[in-house]
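What follows is one chain in C-alpha cells, specifically the form predicted on its own.
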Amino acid sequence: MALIRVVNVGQEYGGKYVLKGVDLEIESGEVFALIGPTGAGKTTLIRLLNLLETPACGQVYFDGVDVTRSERQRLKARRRMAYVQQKPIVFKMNVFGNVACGLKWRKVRKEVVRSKVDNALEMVGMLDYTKRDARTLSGGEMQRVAIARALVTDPEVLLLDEPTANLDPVSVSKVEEVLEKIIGQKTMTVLMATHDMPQGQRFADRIGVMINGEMTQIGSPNEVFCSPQNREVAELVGVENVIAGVITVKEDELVTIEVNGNSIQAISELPLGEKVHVLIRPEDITFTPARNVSSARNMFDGEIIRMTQVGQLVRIEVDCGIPLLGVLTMVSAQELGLTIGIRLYASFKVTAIHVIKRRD
C-alpha cells in the first residue's frame, strides 16, 4: 500500500484550475521528484500533500486513511511530515532556537531537545552556528537551518519545495551534500519539487513531470529523460532535436521515417503511416569531417550554420536538410577545425532515437 496516494486531485484559485486530474502514488522510503517549469503546479501539489490546503476536488490518502477533509485526520498526518519551503523562514532568535522550536511546541524535554538539535545541525554542517542570529545568515545557510528544523522532529515524510532555488553555486553544492546524506540514510520518504533537471535525475527513484497543472509523465529518471512520452516533456528534459516525420517503411520494429525528403531509421512499434516525432539528444550525435565507416545507420552531410560556446562545450547547429543540434567539447571542436560554413557529417545510431506519436 502506498504511503501517499492522490486520486483525481484538482485545485483552483479565483475560478481558474491550476491542478487538473492529478493521480499519484508514493511508496514509503521512496525519493520522488516533481519536475516542471515555473508555474506548472509543483508547489500547489506539495502544499496539498502537506495538507496545508484542501483540494477543490479529488481525494488525498495518507497511510491508507482519507485525509482530504477531516481536520482530525489531517492534523495526525501532518505531525508525521515536515515541509521546507523555497524561501526559508527564520525566526527572531538564534540558530539553536530556530531549529528547536518544533520540539518545544511538542513539549519535548530540554535534554532531548539539546541532543536532537545538535544532531540535526551536525547533519547539515551548521553545528558551529548554534548561537548565531539566524537573520544574519546567508541564503544557503538559512536553507540548511530550515532543513535541520524539519529533520529534528524525525518526520516520516520530508517535503522540499525547490530547495536550491535562487542560491549561488557554492550554496547549492552544500545543500545538495545535505540532501545526499538524508537520502543515503533511507529513514524517510522524500518528495522534492525542482526545476533543476540534473538534481531531480540524480536524487530521485522516480520522477513526475508536471506541465500546465497536469501530471504528464511518471517514471524512473532513465524513462523520463531517455523516453519522454510527448514533445513537451522531451523539450523540458533537454531533447533539443524534435523532428516531425512519417513512418514510410516498417520491417518488424525497424522503421524508416521520412523527414522533408530525407530518411531516418529508428526502432519503433508504431504502425506504417503514423505521423511521429523523432527525438535525438544533442550528445548522441557524432560529427566527423569525412564519411567514416560507422555502425550508425543514420549519416547526413551538412553545413554548420551556427556555433555557440557554453563553458567548455560548443553547441553546433548543422543544416543537413534536417536541422540537427549537437554538442562537442571545446577541444574536439578545435581539433576538427570547426567554423560556420564548414561541411561535415553528422551520424547517430537507431538506438539513440526515441520515436513518439505526433499529436498534431
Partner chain sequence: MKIGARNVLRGKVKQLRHGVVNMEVIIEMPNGNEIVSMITRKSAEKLGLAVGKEVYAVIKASNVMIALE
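Numbering follows the first chain given and starts at 1. Fair warning: this is a prediction, and the values are worked out from it, not measured in the lab.
One more form of this protein exists, namely the form predicted in complex with the partner chain; it is left out here, but the text below deals with it.
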property: Listed residue (320, 328, 51, 307) with a non-hydrogen atom within 4.5 angstroms of the partner chain in the predicted complex; result: 328
property: Interface residue in the predicted complex among 232, 196, 274, 284, criterion: non-hydrogen atom within 4.5 angstroms of the partner chain; result: 284
property: Partner proximity in the predicted complex: residue 315 to the partner chain, non-hydrogen atom cutoff 4.5 Å; result: no
property: Residue 253 within 4.5 Å of the partner chain in the predicted complex, heavy atoms; result: yes
property: 4.5 Å heavy atom contact, residue 289 to the partner chain in the predicted complex; result: yes
property: The partner chain contact at residue 20 in the predicted complex, heavy atom, 4.5 Å; result: no
property: Every residue of 160, 189 and 212 near the partner chain in the predicted complex, heavy atom within 4.5 Å; result: no
property: Listed range touching the partner chain, judged in the predicted complex by heavy atoms within 4.5 Å, from 66 to 74, 26 to 34, 320 to 328, 51 to 59; result: 320 to 328
property: Heavy atom contacts to the partner chain in the predicted complex at 4.5 Å, residues of 321 to 360 in sequence order; result: 327, 328, 329, 331, 332, 335, 336, 349, 350, 351
